[in-house]
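The chain below stands alone and is given in structure tokens; this is the form predicted on its own.
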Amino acid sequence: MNSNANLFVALRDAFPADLDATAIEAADASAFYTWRDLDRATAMIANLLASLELPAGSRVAVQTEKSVEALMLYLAVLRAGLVYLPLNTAYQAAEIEYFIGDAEPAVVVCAPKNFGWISRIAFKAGTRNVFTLDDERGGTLLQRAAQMSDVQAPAVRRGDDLAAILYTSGTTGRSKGAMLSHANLLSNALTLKAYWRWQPGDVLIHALPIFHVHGLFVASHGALLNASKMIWFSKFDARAVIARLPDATVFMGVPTLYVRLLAEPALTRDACRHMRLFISGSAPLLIETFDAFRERSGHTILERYGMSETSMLTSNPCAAEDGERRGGTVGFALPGVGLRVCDEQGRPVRSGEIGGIQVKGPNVFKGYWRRPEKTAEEFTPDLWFKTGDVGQVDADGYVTIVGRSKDLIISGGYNVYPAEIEGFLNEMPGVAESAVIGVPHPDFGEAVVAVVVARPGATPEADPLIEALKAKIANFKVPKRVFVAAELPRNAMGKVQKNVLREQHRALFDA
């Protein structure tokens, strides 16, 4: 057993004996990367990072388009013993300014097209090193790394040492950095390898972004830990994915991707005949999508549940002997994960009753970056993490998520926090107050909708408000529709009744 608990070491130890075998193949077969390429390239980037003589625990913030080189950068950050901080490619200046100000990264890597404005923000915040990386193997990061040795001894890390920080928002609208250790991530990867029955010869279609848990940790770690080849899509393309299904065995997607696959006539049982496993997560999978996919493909989607703070918590069974995959549920608590449902007083409820979901296990994060009071608030006295999700566990142990206690909207697999958008809307000319809700959407699962109240004498209009938001926040957060109302519905305590608004606009996107 290797005494170095660095996650990279565990992943590299799983590489196959034949280092010249293909590890990653571009979806269009325009590029191939061997396991030796992964080892050498991550060594060179890790040596570049080491040459910067950064303080221990330094953060490396990354906002780049998806590429194999971006995955190599993530692995190199682990290898160098630094802390990886992925940022959604849709984030705009106000968001990036906050993340860089809060995390104080020693290194920022961005797309060349964004270097001007991101470097200004970074240098102003005290970051000394800003590199570029594009999706065509270009940029200053690779130019500098090319001068480095391709031999490097991975930094020695304890399991409890920080490996990554993932930003996740709360109802205050201000994002919190969830601190994940090497042991958190490795424990979850090993559990999923066993539970999802990863097999020799498995090939993963990687069509997810790599700035959040699903694509970066669940998919990438799974393939690397199993020495499985990845067929790499820089962007999701339903027809192109279907064309590669005969060459693969495992696919992971968010519900939106399954909806788009079902829209293609080429999705047939024959196209899926070599596939072993289709996995869905990051947002609720509609039962209609679950049933339609089973009918068309002959495969039953495995739905699972996780969070930025915990990676995966539950999963429907993979093997028949473990039980059936039930649509509308997220399966059982994973081996080694404790899950309980409690009432508002923190008392466990009976089987089938609804309450707040609390979890415990080696996958649960270390806490929120520089927020000890918020960390303490989110854990119970006996150290169970309060997920903020509301659900129930039936008599057979299947977990069903029935809602979210913090009004979180999940649109296309991305988390949208109403309070953040309301903060921007309320500052706009003519707006007195606003309420942001999620309503059912056939493609995105949920769509963001805003209701605003005008200031006296003002006449704000929907389209200009939407255009103004597009310049400030990521596109997936921008409301699909904005309505101007005379007032917002309130209860006796004066609290806005978002449930009333959701009901009013529930059928907005019905076909």
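In this text the structure is predicted, and so the values were computed from the model without any measurement. Don't overthink the numbering: it's just position in the shown sequence, from 1.
What comes next is about the form predicted together with a small molecule, which does not appear here.
- None of 300-308, 424-432, 317-325, 265-273 except one has non-hydrogen atoms within 4.5 angstroms of the small molecule in the model of the complex; the exception is 300-308.
- Taken together, the three residues Val330, Asp389 and Leu408 all lie with some non-hydrogen atom within 4.5 angstroms of the small molecule in the model of the complex.
- Using a 4.5 angstroms limit between non-hydrogen atoms, Ala283 touches the small molecule in the model of the complex.
- At a distance threshold of 4.5 angstroms between non-hydrogen atoms, Gln92 is out of contact with the small molecule in the model of the complex.
- Using a 4.5 angstroms threshold between heavy atoms, Asn114 stays clear of the small molecule in the model of the complex.
- Contact check for Ser187: no non-hydrogen atom falls within 4.5 Å of the small molecule in the model of the complex.
- A single residue from the set Thr249, Asn415, Thr375, Ser119 has any heavy atom within 4.5 angstroms of the small molecule in the model of the complex; that residue is Asn415.
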